[in-house]
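Coming up is one lone chain in C-alpha cells, specifically the form predicted on its own.
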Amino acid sequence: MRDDAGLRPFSLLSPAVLVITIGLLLPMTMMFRFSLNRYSANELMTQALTLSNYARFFGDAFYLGILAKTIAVALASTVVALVLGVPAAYFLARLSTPRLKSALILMTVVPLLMGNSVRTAGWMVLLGDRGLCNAILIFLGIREEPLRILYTGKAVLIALVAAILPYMIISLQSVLEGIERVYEEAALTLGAHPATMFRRVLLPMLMPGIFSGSLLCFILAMNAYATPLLIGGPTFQMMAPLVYQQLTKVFDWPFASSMAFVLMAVTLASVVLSSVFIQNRYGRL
C-alpha cells in the first residue's frame, strides 16, 4: 500500500510531464541545435557546431535595437496594463451586486475569446487614417487632417495593452477577492489616507497578483506577433515578426532559431530576475 501511495503522485504527473517534454522541451532542443548550424542557400542549413549565428545577432546593432525595442514595448505595455488594471480589478472585487459583477467579468473575458487577428483588424479600423477615431476628431473640429496613428509605436502600444489588460485584471481580481475588506477599514479608521492605506496595507497583500499578472502580460507582449506586424506595419519591427520573416522569406533557419532562442532566453532571464527581486522585497516588508 505504501509503495502504491508513493507511486501515485508520479502516475498523476507523468501525462503532464510527457506533454511538456514532447510539446515544449523537444522543440526547444531542436531549435537550439538548429541555431548551431550554418545557413546554406541550397540546403537551407548544413550540420555544424558554431556560434556564428549568435555572434551575428549580438554583433549587429540593427538586431540589438529590435531586441531593445521589443523589451521596451513589453515593459511599457505591462506598466500601462497594471495602472489600468488595478482600479478595474479593485472595483470588480469589491462590487456587491452579483449579477452586475458576473456581467462585468464576462465583458472582461470576452476579448480573450477572439483571435489575435480579429482584435488586430478591429484596431486597424479604429486607428486608420479613415478610421473611426479620426472620423470623430474631424467631425468635432479637433483635427482638420487625419492624425497619423496606425503604423506607429503608439498604435502598437495601444493594441498590446488592450490585448493583455484582461489577463492583468483577472490576475489582480482573483487576489483581491481573498483580501478581507476589514484591513482597509481598519487602516482608514485609524486615520490613514486612502493613498497611504493602499501603499502600506493593500499593496503588499496584492503583490502576488501584481507579480503573476505582470509576468504573464510581459511574456505575452514580448512574444506578440500579429499586433506589431499588422498594427506597426513594415517600419515598426519587433522580435517575433522578425523571426518569422527569417523563416519564411529569407529561409535562414539557423539564424531564425538563434533569434528565437535569444528572445526566449531574454524573456526567461527577465522572469527570473523579477522573481528574485520580488522575493528579496518580500523579505524586507
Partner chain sequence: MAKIALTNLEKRFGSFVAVESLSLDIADGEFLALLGPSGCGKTTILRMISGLTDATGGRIHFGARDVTDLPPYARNIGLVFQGYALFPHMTVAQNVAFGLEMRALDRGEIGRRVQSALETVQLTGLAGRLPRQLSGGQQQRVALARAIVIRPDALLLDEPLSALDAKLRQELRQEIRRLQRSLGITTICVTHDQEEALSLASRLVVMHQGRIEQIGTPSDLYESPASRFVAEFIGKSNFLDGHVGAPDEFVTKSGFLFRFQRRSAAVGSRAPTSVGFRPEKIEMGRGRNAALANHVEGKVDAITYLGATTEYEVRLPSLERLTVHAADSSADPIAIGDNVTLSWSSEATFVV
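These figures come from a predicted structure and were not determined experimentally. Residue numbers count along the first chain shown, from 1.
Keep in mind that the form predicted together with its partner chain is not shown, yet the notes after this line are about it.
K.L.:
Taking M124, R143 and T152 as a possible spot, do all three reach its partner chain in the predicted complex with a heavy atom inside 4.5 Å?
P.N.:
Not a single listed residue reaches its partner chain in the predicted complex, so no.
K.L.:
Contact with its partner chain in the predicted complex for R200, defined as at least one heavy atom pair within 4.5 Å: yes or no?
P.N.:
Yes, contact at 4.5 Å.
K.L.:
Is it the case that L106, even though its partner is missing from this view, gets within 4.5 Å of its partner chain in the predicted complex, heavy atoms only?
P.N.:
Flag for L106 set to no.
K.L.:
I'd like to check something about V175: if you look in the predicted complex, is any of its heavy atoms closer than or equal to 4.5 Å to a heavy atom of its partner chain?
P.N.:
No, V175 sits far enough from its partner chain in the predicted complex that none of its heavy atoms falls within 4.5 Å.
K.L.:
Looking at the partner-bound form in the predicted complex, is P98 within 4.5 Å of its partner chain by any heavy atom?
P.N.:
It does not: once its partner chain is placed as it appears in the predicted complex, P98 has no heavy atom within 4.5 Å of it.
K.L.:
What stretch, of 90-98, 116-124, 159-167, 190-198, brings heavy atoms to within 4.5 Å of its partner chain in the predicted complex?
P.N.:
Looking at the other structure, the answer is 190-198.
K.L.:
Tell me, which of L112, A186, I138, A72 has a heavy atom within 4.5 angstroms of its partner chain in the predicted complex?
P.N.:
The residue in contact is A186.
K.L.:
Since exactly one of L132, A76, L84, M205 fits, which has a heavy atom within 4.5 Å of its partner chain in the predicted complex?
P.N.:
Selected option: M205.
K.L.:
Enumerate the residues of 232-251 that have a non-hydrogen atom within 4.5 Å of its partner chain in the predicted complex, in sequence order, or give none.
P.N.:
Sequence-ordered list is empty.
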